[in-house]
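One chain is shown next in structure tokens, namely the form predicted on its own.
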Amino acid sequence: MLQKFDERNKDIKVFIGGKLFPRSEAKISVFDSSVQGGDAVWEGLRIYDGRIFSFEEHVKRLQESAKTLMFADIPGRVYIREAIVQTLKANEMTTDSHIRLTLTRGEKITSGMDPRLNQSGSCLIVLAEWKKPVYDNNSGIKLVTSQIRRNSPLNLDSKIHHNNLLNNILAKIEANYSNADDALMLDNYGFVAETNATNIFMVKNNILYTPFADACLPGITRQHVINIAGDLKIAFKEKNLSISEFYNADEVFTTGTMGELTPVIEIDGRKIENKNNSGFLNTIRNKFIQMTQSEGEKFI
């Protein structure tokens, strides 16, 4: 499910380090930490009807990730909001847009791994694009189980929303060669963690399940789904889930900012057949859509 270029993004303006640049001039130094070692943190935010959805949650996670990585200077909420609003207004974007918000450790005085070489301060990048959800939420997606294991806290904690995405990219390459839309990634014990790009849920016997957030990012959309399930009195459990349990689920769906809520119709050639006609996804998705239309940081 390859994304296509949107002509409206041809002349967008990008916020980098306090200034707006046209797309053709939106560049960072070869000495920037994100280039040198993927040393940066990021967030994806979606714009609905003049609102930045889940703004507070995304900014908090960005700041906490940067703190974990010991960034010397972390921009505050007000500065980040002003940078986002400035970028959206410059591009005349009010809906159907996606923001890639990146904070790098900044430029180094010479190439090297040591963060003490970063003496110019961090660099905030706001890349706003016209972008609809990346998956077809009606026809659904196919997954294949990857041989690449999702990072655990033993190696690189997935709670840090960092820019070093090679773990996920290697899994995505496997999915591409298997003609699947995305890869399902397991943890070091063989339990399902998430996909290479999203969190994942399943329904069995009218109970909604999702893996423990041990080897996966506890996504913001994931938490919205959990909250909605509580509001709707849907039985819900977090637990270790094997791939066999997903094969035999009544429903499976993924969650994330880029794709919202998307049904999974096949895993490793096994069809996911809504045997009990539970319809949890549609019920939760309708509630989620209502949230996007009424909640968020209003900027116009």
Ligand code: PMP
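Note that residue numbering begins at 1 and tracks the sequence as displayed. Remember, it's a predicted structure, so these values are computed and weren't measured experimentally.
We do not show the form predicted together with the ligand, though everything after this point is about it.
A residue is said to contact a partner when one of its heavy atoms sits within 4.5 Å of a partner heavy atom; R51 fails this definition for the ligand in the model of the complex, lying far away. Under a 4.5 angstroms non-hydrogen atom cutoff, the ligand in the model of the complex lacks K142 among its neighbouring residues.
Taking the partner from elsewhere, S97 is found to have every heavy atom lying beyond 4.5 Å of the ligand in the model of the complex. Although the partner is absent here, Q63 sits far enough away that none of its heavy atoms falls within 4.5 Å of the ligand in the model of the complex. Considering the ligand in the model of the complex, the lone stretch of 238-246, 66-74, 256-264, 30-38 in range is 256-264 [heavy atom distance within 4.5 Å].
Though the ligand is absent from this view, in the model of the complex it lies within 4.5 Å of a heavy atom of just one residue from N196, S146, N118, T87, which is N196. The contact with the ligand in the model of the complex, taken as any heavy atom within 4.5 Å, belongs to T221 out of T104, T210, N151, T221. Every residue of the trio H58, N168 and L217 has some heavy atom no more than 4.5 Å from the ligand in the model of the complex.
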